[in-house]
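The structure tokens that follow cover one protein chain in two forms, given apart as structure 1 and structure 2.
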Structure 1
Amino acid sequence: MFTNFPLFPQQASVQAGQVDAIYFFVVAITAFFSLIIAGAIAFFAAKYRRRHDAEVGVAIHGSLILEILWSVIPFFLTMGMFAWGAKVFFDLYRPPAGAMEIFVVGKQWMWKIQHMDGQREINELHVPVGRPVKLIMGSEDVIHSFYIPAFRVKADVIPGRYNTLWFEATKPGTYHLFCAEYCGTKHSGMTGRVVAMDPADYQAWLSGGSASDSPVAAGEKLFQDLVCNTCHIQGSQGRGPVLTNLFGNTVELQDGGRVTADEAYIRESIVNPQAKIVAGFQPIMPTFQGLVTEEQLLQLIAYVRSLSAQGTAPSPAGTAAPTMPQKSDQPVQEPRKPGR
């Protein structure tokens, strides 16, 4: 009977068991105390009800022991749930080192996905079983939410910033993928599927796909097409900072601050280059807001990452969108526009 109508999605990731355990614990605690409170109300309402109009209740003087018990017991229970929930939260949002990275872009009303070898998908995500997968996600328009019920993972995909999500599938199969944030008139149709495959089958699927540039190769080509290489010269100082070994390192800013060059910083530097000016450079870099898509921004970031020794290592879970290098102390010239 319950095979065709399961109460909960199957557990298909390493995170699923942790999430379900704390969920059922909270439900059990809630049900336990709800029954006790409801039972006590019913019992005392019946036992101490007024039996005739002249009946007067007896004055009650509180119990210190009872007051302490119903304060201390809930305190330790809630603190235990908080500590357990915090551990599960950090486990869910800290991808392990060496996780396979995939780019995801949300757009009304579809999911556009690109693997690091160039393989592209729409509303489908193929992943290997037994290997951590880290999704680097951005939105082209409104807030979306990437949700895989069987994996017990969900993360908002927000325009103007990057978010990450990771999981590790534990068994082959096809699982539902939803947008869990109302994003417009066709929100209900923004669905897809995640296909978890044995590693050998996944490699066969990758090799059987249509040829496409990897994000790094596409980013390098775009970097040249936008004439970025005329300012950010590899191996020597130009009007902009050298990008080699930039990713993952600390950048000194003109205002005396410091920032880590992660995905969010690089993205902001492309779309809003005046936000964080690198020390020793002039704010002459033009904005590329509206000139490149979110997908192209991810490709540019992949290229910049590839120039660093740390570029192949998993980056910190990005959230807000900080910046990238500006231009130098050499005489200020009119900013180049793409194609000029």
Structure 2
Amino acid sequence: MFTNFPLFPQQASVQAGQVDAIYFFVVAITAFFSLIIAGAIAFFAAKYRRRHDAEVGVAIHGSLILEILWSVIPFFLTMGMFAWGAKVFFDLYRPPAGAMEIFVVGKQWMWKIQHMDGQREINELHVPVGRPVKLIMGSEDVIHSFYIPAFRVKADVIPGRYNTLWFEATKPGTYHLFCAEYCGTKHSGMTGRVVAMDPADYQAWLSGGSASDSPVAAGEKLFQDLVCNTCHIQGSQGRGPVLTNLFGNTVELQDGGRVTADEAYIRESIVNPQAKIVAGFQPIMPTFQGLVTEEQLLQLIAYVRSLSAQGTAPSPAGTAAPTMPQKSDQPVQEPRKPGR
């Protein structure tokens, strides 16, 4: 029972070292000041202990110099922590360009994972070491939080929006995956494991097993099944706007506003189309809220993204080949019409 008793977490990502370094810095300062205070109190209490019953202390009212010193020194120390902490945060927050993307959907009480090649897993996440991985995460019900302690990364998974998280594993191995936001009675069972593998093993894992359609291909199929294609006709203007080259570009809205077409915007266009009307179109698109699951939404988004040069994420194989042409026999897309 006492053999497995770590006092410190494993370091298994490029971020882990960064986070630990600043942690040690802050802890060192914490320990230093705690010891000074405790030491001073113990020393004074012993040295100035009451010697007879009527004794009183010396009247000292204060010292401006001391007050300034013990406000200004802590101030500068905390500003150091602030700046360094912010830097680490920014690094943790911004995925490097070209990170391999994986979709994650949280629901009570499991993690559903879709790889761009079509692999799906539940409560397990296989990733290659040495490659940045970006997770795009949504929730089907309540707020969850995706947490891999050995990588020092965590992000809340919130219904109705997409949060992202990125990491780059450095050591092959199996690591804990936890849900860190209370989500109901089985919250503590919403755990899983992250398997970091050598790139070669990862390739082997990808090609084995039960690959289903890639999210792009599944999204394309949904696009037909849900008759999106009756209004959004490929290549020519139908009742709805052309979606080619939409992702990553700026959309002009009816009310004069502009919005960048990202995952959140496309999601909103599907579940709540009336929220933002594209300039020049009628608000006739029906809502698909309740008709598509969170996973299907992610597939539709993947498909819409694949129609755009900027939306194609590099494939897990590591080459820059776009995901789309690999698995679908999509006709070559016309470029988006100018003026949009």
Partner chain sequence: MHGVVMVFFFLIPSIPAVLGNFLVPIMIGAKDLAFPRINLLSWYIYVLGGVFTLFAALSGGVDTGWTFYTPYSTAASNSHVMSAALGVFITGFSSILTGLNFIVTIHRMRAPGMTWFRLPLFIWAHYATSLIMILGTPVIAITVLMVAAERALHLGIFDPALGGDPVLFQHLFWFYSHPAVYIMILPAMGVISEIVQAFSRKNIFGYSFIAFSSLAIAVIGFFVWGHHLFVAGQSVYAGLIFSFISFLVAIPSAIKVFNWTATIYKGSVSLDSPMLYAFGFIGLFTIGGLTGLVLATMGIDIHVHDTYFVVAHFHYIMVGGAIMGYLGGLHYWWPKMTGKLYSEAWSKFSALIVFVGFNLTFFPQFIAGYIGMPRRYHAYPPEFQVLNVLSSAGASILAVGYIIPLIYFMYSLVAGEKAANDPWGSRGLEWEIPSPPPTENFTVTPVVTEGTHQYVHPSQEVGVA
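The first residue in the sequence of structure 1 is number 1, and each one after it adds one. Only the largest set of C-alpha atoms that superpose within 1.5 Å between the two forms is called the rigid core. Small disclaimer: the values here were computed from a predicted structure and weren't measured.
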For the form predicted on its own, pick structure 1
Of the options V195, N229, M110, D20, the one placed at the hinge where rigid parts change between structures 1 and 2 is D20
When the larger rigid part is superposed on C-alpha atoms, the smaller part turns between structures 1 and 2 by a whole-degree angle of 11
Here the CA of G57, compared between structures 1 and 2 on the core, is shifted in angstrom by 5.4
